[in-house]
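Here's a solo chain for you in structure tokens, the form predicted alone.
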């Protein structure tokens, strides 16, 4: 199993030779000592250049000296130092200069992002090729993997995008049903790797009417889970740029999903490990946290665990099964509990400039994730809320929740 550690990176490796610049506030006047009796600098920033392999060690030193890390930026070259201080580089923000920060950018996309190739007024008419139940015996609800033929038009997409579905029939006012968006669960080349299909992972929505107490089924989810091979379906899109997978084959990709939030991550993992695409050979780390209620509700379970067995150095799989597992406090095990258990290691990973974190599923998971990451970052004197904002500016923290 892959066990990343910043301190374990060889000094002569590509990562080990990289220099990062910490902007720090509140450092005590003497930078040569950790003595707590030293006065604390009340204003201004210092900029400290740090080799990659010493990042965690330097964070602990700064925390002992009362400092607060405001930002971490990669340095294109080792800056000139003066007793540990460095002058702000071009693109770094200085309190005195007021210069704006230039965030890191992810690898340039090799393909153009397709958007709204088909609109509601003129949707693409695809055909259902197959439909497969994903919830096994003893599980809860109905979730189906549905594959559509899109070979007759210009519809194409990228991993992390969504398509719109217009269900058949009309609403209570006699008007056509509105579009529902669903995250695509297949790679850009489709499940058959022939550029002719698109797949969805759809849970049939069921709930009790607050007025009558009767069971109500979602219009579009019922339509999709009830399709038979050969049925037509109206498709719009694709849409979305927030959840795109970086082109960087060396990236660290952290994925946090609940339920059908697994859909875009299935697309990522299939592209990384199953396609055998000569233009994309993933060599980084993918770590999936997947929360469900029961073991039979683990969607794509056999395929995910097969990937873990085949690629133990590149793929980690962590389940949170709420009705079967207990957290450290004896309560139900939710995905946020798993995040908190692994927060220190996740904190190490998110500091890498090519780490991307993706969250997809129920909105309630976000708060717990932030709690876990905040507890880890605070050990190093880093404010998680501010650091997370920086990650978002750098397009390395991606969220799609509902």
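Numbering follows the first chain given and starts at 1. In this text, all values refer to a predicted model and were calculated from it rather than measured experimentally.
Heads up, the form predicted together with flavin-adenine dinucleotide (FAD) isn't pictured, but that's what we're talking about next.
Participant: Does residue 210 reach flavin-adenine dinucleotide (FAD) in the predicted complex, with heavy atoms at most 4.5 Å apart?
Facilitator: Yes, residue 210 lies within 4.5 Å of flavin-adenine dinucleotide (FAD) in the predicted complex.
Participant: Residue-level question: is residue 260 within 4.5 Å of flavin-adenine dinucleotide (FAD) in the predicted complex, judged on heavy atoms?
Facilitator: Within the cut-off, so yes.
Participant: Determine whether any heavy atom of residue 202 comes within 4.5 Å of a heavy atom of flavin-adenine dinucleotide (FAD) in the predicted complex, and answer yes or no.
Facilitator: Yes, residue 202 lies within 4.5 Å of flavin-adenine dinucleotide (FAD) in the predicted complex.
Participant: Is residue 182 one of the residues lying within 4.5 Å of flavin-adenine dinucleotide (FAD) in the predicted complex, judged by heavy atom distances?
Facilitator: Residue 182 belongs to the contact set for flavin-adenine dinucleotide (FAD).
Participant: Tell me which stretch of 182-190, 127-135, 246-254, 325-333 has a heavy atom within 4.5 angstroms of flavin-adenine dinucleotide (FAD) in the predicted complex.
Facilitator: So the stretch in question is 182-190.
Participant: Identify, from the list 307, 220, 227, 117, the residue with a heavy atom within 4.5 Å of flavin-adenine dinucleotide (FAD) in the predicted complex.
Facilitator: Contact check passes for 220.
Participant: Of 376-402, which residues get within 4.5 Å of flavin-adenine dinucleotide (FAD) in the predicted complex if you count heavy atoms?
Facilitator: If the 4.5 Å heavy-atom criterion is applied to flavin-adenine dinucleotide (FAD) in the predicted complex, 376-402 yields 400, 402.
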